[in-house]
Each structure stands twice: as structure tokens, then as C-alpha cells.
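Single chain ahead, written as C-alpha cells, the form predicted alone.
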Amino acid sequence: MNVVVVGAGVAGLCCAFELTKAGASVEIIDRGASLGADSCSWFAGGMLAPWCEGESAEPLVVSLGERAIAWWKRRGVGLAQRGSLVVAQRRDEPELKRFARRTKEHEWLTENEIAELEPELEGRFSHGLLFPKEAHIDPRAALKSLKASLEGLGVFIEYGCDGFAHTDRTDHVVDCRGLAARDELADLRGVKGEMLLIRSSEFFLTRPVRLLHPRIPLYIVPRGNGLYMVGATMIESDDRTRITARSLIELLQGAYSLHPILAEAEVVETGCDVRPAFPNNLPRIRRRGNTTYVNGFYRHGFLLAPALAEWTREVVMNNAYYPEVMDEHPMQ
């Protein structure tokens, strides 16, 4: 079977990989000029944290997300499995207790235990939650690694292809365009996310840390060499052009609340993009004729892409049906 995958974000690359391994002849096209140039995947946090996400996400996100850690580990993308740490200022400790009630696979930490895990946080938080099974990756490195793996399998990306070039001569199209697919998926909406990359030679974390706050929950993810990703806002907006001054201030204030030394950090990069989401914030696979749409990952792209890619492979190759994410059976 010949398949054209439209979109070279994390969803498109994962689908292309699974289809290629299943024996399909795959071609990828993307409207961006280069890898990540037109994809919200480039600005992702890279946290593989299904149990933390269970605080606000549906159980489906947790169950599908649990598969991501093993999938990315098999890909050899430099995955670090040191868990996730969740903390709150003393005045916000009710938020920590609420987070614990809504999640699983965690253990409570005392102030001393937090300091043993992350010495930089010594004396700053009286209690915390550790999710020991969770992991994180560098999304940009993961995309490059996955691209290299595909090239090793003979699959290449053609950049600068706006629309559906070459789809008239293929057996099947897998549409992974994200919000751009709203021309076909009218119920898609955009959720803007903004982030910072900061660098500090005086601060050291080994795992993602989430700081709970009633107004803007913050996470900080280590990238190595003193570089940290700080995110992220969730704004109901289609504006992907700029980070707002308010968001920049709030993210920096959140980082300062985690540790005042981060006030001296270098701001290396600011970024924003718009995540595609359906009304229930759950992903969907929709098949219409010889086109399968894979979309609606919301804020869980790297967490959900592996499982959705495996299911897409079966939908395309074997007409499988997954009621959890499909509106109707492809054979109906």
C-alpha cells in the first residue's frame, strides 16, 4: 500500500514510522520549510507524564499515555525516566492535596525527601508528590531522531508542500495537519500555548517539576547544559504569532516562585503555537474514503502520538475500529 502522510509534526512522524514498519510505502509532505517550522510539536514540553495528566484529563489520556514511555524508549531518543515532581507553596498546599486525590501512581515526599531528590529545592517546599514512573524527552531532539530513523527506512519529508501534493496518486492519505485540518474537521479549535527557554549555570534540576498555583500552574523541564523549558499557558485562541507580555511575566514569576535564583537566568527563546483540540479535548481518528484524519491531541502530542499511530496503522492497513477514538467503523 502507498500512503502519503500530510504533516511532519510528532503525529505525522509517528504514523509514518508505524505504517512503514507495517510494510506500507510512505511519503511525508509538510507545508513548513524545515522540520518543526510549522508545527506546535517544536514548542512542546516533552513530559511523558500520563499519571500527572490524570489530574485534569480523561482516563483515556492516562491509559493511552502509559504506552508512550516504552515506545519512545525503543526509539532511542534520549529518554530520561526520573519521574515527575509536583510541589506547591505552603499557602497553596490544598492544591497539592487536590492534585493527589485526582491522580494515581505517586508517593508523598517530605521536605527532606524533596531536598534529597532535588538539592536546589532544599527548604523551599514542605511537601511534594513524586510520580516515579514518568519520564521526559527533548521534543526537538526526538523529532530529529525520528526523522533520521525514517530516512534510514527510506522515508523522506518533502517540505514546502502546501495542500495535498501527490495525494492523487496514492492508495491512502493520513492527514496529520493539526489545526490546519479545520478545513475538513469543522469541530477543531485552537488552544494557544506559550513557553520560554531559559539558561542558568547556577540552578540544576534532574527531572520535570510542576509548581501548582491557582492562577497559572507552571512546569519546568530540564534540557541539559543548564537549559530549561518553562511552560505553559493554555489560552482559547488561534493566534500563533506572538507571546503576550502578560504570559511572559506570569511564566517568569512562576519560575521565580520555584526558586529566586531563576530571576538571573538568561532568556534564550520565547515561543508559542496553537494546539488542535476537539470539544472534549480528546484525540480522534476519522476515516473518510481513502483519507484518515488523526488529530485533536490538545496538549498531549508526544504523550498520545505513539498509541494513536499504532491504532492508525491498524485502521489504514486492516480496517480496524477503535470506538474510544473513532466516530464510526471504517467499513460502514
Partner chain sequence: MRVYSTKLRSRFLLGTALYPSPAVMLETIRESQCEVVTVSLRRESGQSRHGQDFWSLIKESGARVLPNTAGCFTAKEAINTAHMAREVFDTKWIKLEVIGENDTLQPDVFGLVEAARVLCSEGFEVFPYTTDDLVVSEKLLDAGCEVLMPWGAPIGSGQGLNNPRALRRLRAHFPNVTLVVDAGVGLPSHAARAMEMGYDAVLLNTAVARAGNPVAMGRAFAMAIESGRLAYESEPMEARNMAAPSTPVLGKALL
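Residue numbers count along the first chain shown, from 1. This one's a predicted model, so the numbers in the text were calculated from it and none came from an experiment.
The next section is about a form of this same protein that is not shown, the form predicted in complex with the partner chain.
Proximity to the partner chain in the predicted bound form, taken as heavy atoms within 4.5 Å, picks out 90 to 98 from the listed stretches 148 to 156, 169 to 177, 69 to 77, 90 to 98. With the partner omitted from this view, the residue of Leu188, Ile114, Leu143, Leu258 that lies near the partner chain in the predicted bound form is Leu188 [heavy atom within 4.5 Å].
With the partner omitted from this view, the residue of Asp238, Glu122, Glu107, Glu202 that lies near the partner chain in the predicted bound form is Asp238 [heavy atom within 4.5 Å].
For the chain shown alone, Arg182 is a contact residue for the partner chain in the predicted bound form, at least one non-hydrogen atom being within 4.5 angstroms. The partner chain in the predicted bound form comes within 4.5 Å of no heavy atom belonging to Ser63. Looking at Asn280, you'd find a heavy atom of it within 4.5 angstroms of the partner chain in the predicted bound form. Though the partner is left out of this view, Ser56 does reach within 4.5 Å of the partner chain in the predicted bound form, counting heavy atoms only. Residues Asp238, Asp239, Arg242, Thr244, Arg246 are the ones in 238 to 274 with at least one heavy atom within 4.5 Å of the partner chain in the predicted bound form, listed in sequence order.
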